[in-house]
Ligand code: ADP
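Next up: a single chain in structure tokens, the form predicted on its own.
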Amino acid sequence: MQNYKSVWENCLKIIKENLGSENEQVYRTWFEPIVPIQLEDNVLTIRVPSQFFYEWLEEHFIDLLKKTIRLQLGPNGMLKYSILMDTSIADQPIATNIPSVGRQATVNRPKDVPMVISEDENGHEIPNPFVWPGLQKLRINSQLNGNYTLENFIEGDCNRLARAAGYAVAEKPGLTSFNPLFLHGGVGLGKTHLAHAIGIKTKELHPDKTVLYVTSEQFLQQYVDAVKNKNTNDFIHFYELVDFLILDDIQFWSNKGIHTQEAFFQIFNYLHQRHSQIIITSDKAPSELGTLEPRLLSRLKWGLSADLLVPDVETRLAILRQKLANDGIDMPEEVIEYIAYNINTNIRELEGALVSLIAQASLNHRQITLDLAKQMIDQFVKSTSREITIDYIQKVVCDYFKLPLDSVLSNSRKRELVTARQLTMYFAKKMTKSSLAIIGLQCGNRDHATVLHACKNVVNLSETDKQFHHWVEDLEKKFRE
């Protein structure tokens, strides 16, 4: 019987030979860190350092790995992945990894075996990645950004109610009538900043409270993986142990994730009944989120709904002056005023314009003058483009082919629908930072292997089919308009 170490050593020789000497760095980066751990029934199990590492192998080297495994183990040879997880309880308990654990994508291929186990650094399987056995009090990484504090959140008429409510919540989490606190407003108006700031202030005033910030996309991915791994009860139980939960961008669940919403509904009820604080952010008010599950939507209206508006010119001036003071940069008042009066969309673009001006002056060894500001700001305003999301990509592709969105998300195998679906996945992977699993989920609940296949198919067709190439070019132009 072959030894798993010798089998993997032979595999590495074949991989290294196929990559060639010019790809020595590629080999050291992506194959040397892999550790073989078991060979049983023609299935070789290898341990990889992270989920990202696993997805990279699947995307770029799956064909090479297939060929190599079959050369060593025969036509029925299979590969199984496990992901390494840090469970050092003394410094970082297993709960520290909660926001990112469970990203164990399934590979539904006849000759590929999915990664199905999680392990600690000593190679022991972790049966429950959500709650460490015997843990009395959660100690977790709250995922809060230390740069987002209430002290550097500039107050103005545009956000006064939201900020005041946030401070009240931080002083008495779960004990005010602001539970849940629902923060809503357009892109770049400070919802995420304020949510982090409230969480940080809460930890300062109540060190014993367990505070957790999570995006709705992270929550959805965790739930999907919990279902796959058959540990949804553990997933829900973990969140029920949190004292202060911040869920960012709940509008992401619109038209998707019904079962995820039901799980959150259960968590919400439990936390609310035991007076744990909940903060939710959205780019829309609760009344505009009609696509969410009705029972959950009714809960979102229980507490206080506070909106964040576009800042007025006085607030914009204060934001710019504070940022310059924090960075220790002097700038003529007339330049500050010019930026404040001409960038009136949102805080993110306001700060982006300021950074661009400073960079322009620094790189070109020029003084910051009003003339330079006028030149740069005019160019900045013209080049500021729409944030590209998966939903936006779906809309553009469907409009281009004159197809209803529901049909593209369906399981229909009609040629025009398959084409639109694959193009959506291709551009989502190319133009967003979403994981393959999230892209598949939003494109009709497909798995990540389907997304990979779609992307490869689009690349191949655009190189061999003139009409298809024309479609790709046309859509790329539309995304950049």
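Just so we're clear, the structure is a prediction, and the values are computed from it rather than from any experiment. The first residue of the sequence shown is number 1, and the count goes up from there.
The same protein also has a form predicted together with the named molecule, omitted here; what follows describes it.
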Position in contact with the named molecule when the complex is considered in the model of the complex, options H193, R299, K209, K201, heavy atoms within 4.5 Å: H193
Single option in Y223, Y148, F268, Y81 placed near the named molecule in the model of the complex, where near means a heavy atom within 4.5 Å: Y148
Out of the stretches listed (403-411, 270-278, 228-236, 318-326), which one is close to the named molecule in the model of the complex, meaning heavy atoms within 4.5 Å? 318-326
Please check if I154 has a heavy atom lying within 4.5 Å of any heavy atom of the named molecule in the model of the complex. yes
D391 versus the named molecule, in the model of the complex: is there a non-hydrogen atom within 4.5 Å? no
Classify L354 as contacting or not contacting the named molecule in the model of the complex by the rule of any non-hydrogen atom within 4.5 angstroms, answering yes or no. no
Do R348 and the named molecule come within 4.5 Å of each other in the model of the complex, heavy atoms counted? yes
